[in-house]
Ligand code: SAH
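Here we start with a single chain on its own, the form predicted on its own, put down as structure tokens.
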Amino acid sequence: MKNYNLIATAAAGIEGIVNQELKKLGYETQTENGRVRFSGTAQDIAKTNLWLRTADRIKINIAEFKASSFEELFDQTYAIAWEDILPMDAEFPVSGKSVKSQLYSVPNCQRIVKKAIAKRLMDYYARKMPLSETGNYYPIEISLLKDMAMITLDTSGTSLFKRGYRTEKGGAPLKENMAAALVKLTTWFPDRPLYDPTCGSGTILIEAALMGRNIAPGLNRSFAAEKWEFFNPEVWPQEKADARRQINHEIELNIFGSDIDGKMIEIARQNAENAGVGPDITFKQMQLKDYRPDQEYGILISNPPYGDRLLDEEKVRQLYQDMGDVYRPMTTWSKYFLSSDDSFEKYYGEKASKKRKLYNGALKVNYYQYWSKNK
């Protein structure tokens, strides 16, 4: 089985977590801004698409080369053996980006790459008519950075955060892979209590339950590469069957979520059922001030509605103050809060043990971490 140069793309700030996930799966890695490089076969493409919880996409790195003119870009793209990758009827849209490069017009770069691939295929298949593009989907990207071009093929299709369980969501939902990253940045283990007092549609808790039961996050969705006849499609059912065998059906999880909005609680319950972890999570409608866990040594994670989301600044800061009043006395618990408000610590009433800069979409946020004595 052929070996490919692969890339797991990631949101800024969580490349290190993706790197840890890949190492745990047994891969040698190289971490860069926004991506982690590794290598593997078609089987590894299937495995990483199924199992990576915090990555955005798995891409094949087709080629890297210097391109400071459109002629260079065309010739180098044409030189690639596309007939070994794309069937004659492949649908191959080309997306692009360009940073600090002489070829700064992204639409023109996309057009040149598309034209070069089409000409290579038409020459190979001795076709004079335009390609039909009625077949399977092969998304291609041309990325330029300081005149270095990288052409990649996206094996995931839609982003990996789309697990398939979230049929409804709230007004400002976390992406599933971001929610998984928030859990992985804590000291939570499946034998410890986990609580989200502002659970919304339940994403953080559902991702934790999937981890606790060792359910592959991509198990209930499809991927572009599953239909690629050039890429050993038989590995997909094999890897999915193996993932199903690895599910832990015996473990008991202690996961609880609450929210002031009863409609969101119903959505959270339905999402958890869709994900196959409905019985593992208790959801309840209640105000934040009305509940304090009666267990010890747990983990609290909250993505409260901050100023850019849902509530005005005054109400948000009152919420932070309420959180401090309720949760500061929980000294055996470690607590984690995601917020874009730089004054969160002031209103919460305590300086964080550590804060980590992340991005929730395009919004810069801090992940405030309050560690218990036992962590």
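Since the model is a prediction, treat every value here as computed from it, not as a measurement. The numbering used is simple: start at 1 and walk along the sequence shown.
Just so you know, the form predicted in complex with ligand SAH exists too; it's not on screen, but the next bit is about it.
Using a 4.5 Å cutoff between non-hydrogen atoms, G200 counts as a contact of ligand SAH in the model of the complex.
Shown alone here, R292 lies farther than 4.5 Å from ligand SAH in the model of the complex, counting heavy atoms only.
By the criterion of a heavy atom within 4.5 Å, P139 is excluded from the residues contacting ligand SAH in the model of the complex. None of the heavy atoms of E273 is located within 4.5 Å of ligand SAH in the model of the complex. Listed stretches are 257 to 265, 118 to 126, 74 to 82, 185 to 193; the contact stretch with ligand SAH in the model of the complex is 257 to 265, by a heavy atom cutoff of 4.5 Å. In the model of the complex, no residue of the candidate spot (T29, R57 and L144) has a heavy atom lying within 4.5 Å of ligand SAH. Note on the partner interface in the model of the complex: the residue among L319, I62, A42, M330 having a heavy atom within 4.5 angstroms of ligand SAH is L319.
L288 is the sole member of V235, L153, L288, L131 with a non-hydrogen atom lying within 4.5 angstroms of ligand SAH in the model of the complex.
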